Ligand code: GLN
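In the block that follows, a single chain appears as structure tokens, in the form predicted on its own.
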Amino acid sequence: MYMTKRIIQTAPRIGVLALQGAFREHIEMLYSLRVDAREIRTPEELDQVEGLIMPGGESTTIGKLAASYGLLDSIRSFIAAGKPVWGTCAGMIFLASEVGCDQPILKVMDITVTRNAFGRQRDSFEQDIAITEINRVLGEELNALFPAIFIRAPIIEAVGTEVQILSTLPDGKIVAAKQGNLLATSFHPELTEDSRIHRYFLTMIDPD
């Protein structure tokens, strides 16, 4: 069942890829920030927004559905036009240039990702992580940790020279990164009550 659409008359307009996975939680977080959040399932709907969030879920299913809906090239063009895109968990896998297996991915972000790096669903966990650069941009206390939730989470194994690492686990595993207009997190900020990473993504929207 689809959510009731709630239009909030403030910019920016942010789309959430609504093919599968935790898109509703992202939309509710955006509503709490007074953002015009929209479910995206077609290229025509994508044309109406200024930024896109690709949620967690099952990355192979999301990729196959995106291909069948004609969204792969549309999202690539959206990114090439400089519009910001954020992938969380499965969405991060979808952004990656390399995932070590054969599945539909965008190959737009210079990161190598390992799927299910921490094990099965029962191995999900929470970990407070440092997000110093994000806090700096938002004007928050630099040392304020973020309560990250990891569910069958991927990790970033390697990054290209243009990729900025935004957060790691205490053991050094990379769990958040940015490259130009692309943001990737291996955890689920939408499942917390902490809006900082959503607010950080909003700072990537071109005000013009």
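The shown structure was predicted, so the numbers you read here are calculated from the model rather than taken from an experiment. Heads up: residue numbers just count along the shown sequence, starting at 1.
Although it is not shown, the form predicted together with this ligand is what the next lines describe.
In the model of the complex, none of the heavy atoms of Ile75 sits within 4.5 Å of a heavy atom of this ligand.
Although the partner is absent from this view, Gly57 contacts this ligand in the model of the complex, with a non-hydrogen atom inside 4.5 angstroms. This ligand in the model of the complex is not approached by Arg199, whose heavy atoms all lie more than 4.5 angstroms from it. Although the partner is absent here, Arg152 sits close enough that one of its heavy atoms falls within 4.5 Å of this ligand in the model of the complex. Here the chain stands by itself, but in the model of the complex one stretch of 104 to 112, 67 to 75, 127 to 135, 85 to 93, 85 to 93, has heavy atoms within 4.5 Å of this ligand. In the model of the complex, His188 is the single residue of 176 to 192 with at least one heavy atom within 4.5 Å of this ligand.
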